[in-house]
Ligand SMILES: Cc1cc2nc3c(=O)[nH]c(=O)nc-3n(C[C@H](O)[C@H](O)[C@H](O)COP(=O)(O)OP(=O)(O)OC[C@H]3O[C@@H](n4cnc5c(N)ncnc54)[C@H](O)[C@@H]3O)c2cc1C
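Listed next as structure tokens is one chain, alone, in the form predicted alone.
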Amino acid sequence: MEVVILGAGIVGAACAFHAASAGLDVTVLDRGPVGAGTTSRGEGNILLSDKEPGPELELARLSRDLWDEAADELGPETFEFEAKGGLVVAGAPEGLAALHAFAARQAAADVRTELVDRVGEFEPHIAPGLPGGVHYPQDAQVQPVLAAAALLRAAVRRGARVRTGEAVAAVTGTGGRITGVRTADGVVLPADAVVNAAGTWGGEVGRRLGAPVEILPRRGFVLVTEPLPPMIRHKVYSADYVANVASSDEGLETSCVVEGTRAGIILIGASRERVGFDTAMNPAVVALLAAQACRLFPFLRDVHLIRAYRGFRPYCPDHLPVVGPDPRVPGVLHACGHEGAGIGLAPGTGALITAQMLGRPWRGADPAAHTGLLPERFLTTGGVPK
């Protein structure tokens, strides 16, 4: 089977890695460099801690196992894989009760959780007086661009081809089924299957493929500090982060997310707002994120920020990614709409897409499972989830 994957970010790379590992003939096509879109603008989160029980959490659990496999095969240092765990903290007793209830639902879905009374024992530099939190030992982190590049290199070793600087213009087909992809330069690549892994541009690419899905950009900012000695042990975030991730509001929402990296820099987030593809810097958002981080970790008041960057999460209105074959156009599969969870969900997405193309289970992914992520939920609504 000849497969063309549209997008060389982390999701496209994971699709290529698994499809090539399964012996499929894979070509990856992207108009930009590897990992240059949303992948390059993320923190590299691999999280179970922020997901309610349901289809996204099931995909996250599969992905977490596959990240371990990738680290074993490629070497954890190749993409700075750190199984450091996450710590979610409450700012008030009522918030702690809600967090404990959320963690109980996750534990019932086989997520490992540990209630924490003394958060300072987990994070010695955290603000005093916090009522408690929940430790999630399965949370992890990678350097996302390195991860995408590593997966693509492994796919190339298995026979895949990567063509950057080439944009998709249209598809070719016969009898209602796709037979190839035509690039903007007029090159036709033969294809039995085309995977839409175009990130925030997944909606536009879906329209070009004749299979529209509503994928919208949701802008976010991340702050970067100067390099420091190790000060923060886990990914640490406030309990309201979960609610902000699940919100459909268009306006600005912020919650405190702080984590260290192997390079010594500290990453600070997270903001969300729907402003189209407006890339303007917003100093007020930067100031707000910095203030929240300083309240959670007071030592940051004496630390310099060296930069702030922003990017766009591929947001789907029902907050679920779109993963699977599109019945409207045989041969088209979608792998997009992961919003801020694309890094963590990428391996499971790649394995599931591969299983769907093979018509059988692959690396723990069963095409008969994860039906809540299928594009069929768009069928009667013109590309908008039911």
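The structure displayed is predicted, hence computed values, not measured ones. From 1 onward, residues are counted along the sequence shown.
Absent from the display: the form predicted in complex with this ligand. The rest refers to it.
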| query | finding |
| --- | --- |
| Triple contact flag R61, D318 and P347 to this ligand in the predicted complex, non-hydrogen atom at 4.5 angstroms | no |
| Which of 127-135, 69-77, 98-106, 307-315 sits within 4.5 Å of this ligand in the predicted complex, heavy atom basis | 307-315 |
| Proximity to this ligand in the predicted complex, single hit among A270, L151, L209, V88 (heavy atom within 4.5 Å) | A270 |
| Candidate from L29, V26, V322, L333 lying within 4.5 Å of this ligand in the predicted complex - any heavy atom | L29 |
| Contact label in the predicted complex: D240 to this ligand, heavy atom within 4.5 Å | no |
| Distance check, A167 to this ligand in the predicted complex, heavy atom within 4.5 Å | yes |
| V195, heavy atom within 4.5 angstroms of this ligand in the predicted complex | no |
| Any non-hydrogen atom of D326 within 4.5 angstroms of this ligand in the predicted complex | no |
| Partner contacts in the predicted complex for 353-368 (non-hydrogen atom within 4.5 angstroms of this ligand) | none |
| In the predicted complex, shift in Cα separation for R208 relative to A167, 3 Å or more | closer |
| Direction of C-alpha distance change in the predicted complex, A155 to V168 (at least 3 Å) | farther |
